[in-house]
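In the form predicted alone, a lone chain appears below as structure tokens.
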Amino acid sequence: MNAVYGLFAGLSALLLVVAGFAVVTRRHFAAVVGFTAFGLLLSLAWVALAAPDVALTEAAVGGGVTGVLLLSASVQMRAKMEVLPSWGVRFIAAVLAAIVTAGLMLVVLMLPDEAPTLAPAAKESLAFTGMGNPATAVLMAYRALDTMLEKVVLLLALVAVWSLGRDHFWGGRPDFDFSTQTSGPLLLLARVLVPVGVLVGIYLFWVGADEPGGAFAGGALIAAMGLLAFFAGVARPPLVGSGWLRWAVVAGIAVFLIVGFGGFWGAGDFLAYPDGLAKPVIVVIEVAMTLSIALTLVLLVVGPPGRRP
């Protein structure tokens, strides 16, 4: 047990060091690398806390797609903005962060020894969903509205990114095309890894009903494979004016709303599932969400349209 505690302590210390480096470094690229490394280390911390679902999502989003998105923003900032925030602004930000941290610590320390919880009652009712993974069952039953609103936030973020494009480029492709390579390790990696990665992403989505995984982890991995194909030049981002693309992006929210309002007719309440049909209905929602999440994350990274249709 001492070795385990030592490993946890070392991981915690490393997290603090990497987080501090990402905050205090004056170079944009170094900060992005530090943030990405922090996301990967944090996924290990979630594994140590026996939360594999959160660890998968953190590794795919925090250490993967978000890192690529920040790297792209860093390249653009390097060319357009060399002025860093003043020390006064940094000091105020540090003080506010310290206040939030202290507040969170007080909340945790002031909890009663036996905190009141509805976990046992909730666990007994999860059998109704037919889902073997309690994390997925909670997200799609007790927190179904929150889960749907998370997809709405992703869609609003994509709309915000698209709104940055110039009017005469609207409906065209993002300016993210890379020259097609005839050889090289990146091209080989894209041709070998992308098909395997897409299959693993589909597996993560499918197994999420009963094991760690789910729509977000699977969708994020599929999005990463799409970005790898774009970077290698074996594929091009789609036209943002394509009808199929728009429908695919909103598919997750649309299916969620259809099921939600159908709950009034089939189960007597919004986002309620009919008896005996909860698991297949949830799987249908997760299929649409996986598609929407993958496409939305890819489109967030490639940016607004920058070429004429």
Partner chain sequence: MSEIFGFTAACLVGLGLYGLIVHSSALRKILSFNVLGSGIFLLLGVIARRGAAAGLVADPVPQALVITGIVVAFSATALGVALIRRLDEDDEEEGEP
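Heads up, when I say rigid core I mean the largest set of C-alphas that superpose within 1.5 Å between the two forms. Numbering follows the first chain given and starts at 1. Quick caveat, the model's predicted, so the values are computed rather than measured.
Missing here is the form predicted in complex with its partner chain; even so, the following discussion is about that form.
### Message
Given that its partner chain is not shown alongside this chain, does residue 209 nevertheless sit within 4.5 Å of it in the predicted complex, heavy atom to heavy atom?
### Response
Taking the distances in the predicted complex, the answer for residue 209 is no, it never comes within 4.5 Å of its partner chain.
### Task
Consider residue 287 of the chain shown here, and say whether it contacts its partner chain in the predicted complex, taking contact as heavy atoms within 4.5 Å.
Output for residue 287 is no: heavy atoms all beyond 4.5 Å of its partner chain.
### Query
Might residue 301 be said to contact its partner chain in the predicted complex, defining contact as any heavy atom within 4.5 Å?
It does: once its partner chain is placed as it appears in the predicted complex, residue 301 has a heavy atom within 4.5 Å of it.
### Query
Can any non-hydrogen atom of residue 157 be found within 4.5 angstroms of its partner chain in the predicted complex?
Output for residue 157 is yes: heavy atoms within 4.5 Å of its partner chain.
### Message
Heavy atom within 4.5 Å of its partner chain in the predicted complex: which residues of 48-65 meet that condition, in order?
### Response
Heavy-atom contacts to its partner chain in the predicted complex: 48, 49, 50, 51, 53, 54, 57, 58, 61, 65.
### Message
Checking residue 127 here: with the core superposed, does its CA move 2 Å or more between the shown form and the other one?
### Response
Not so; residue 127 is displaced by less than 2 Å.
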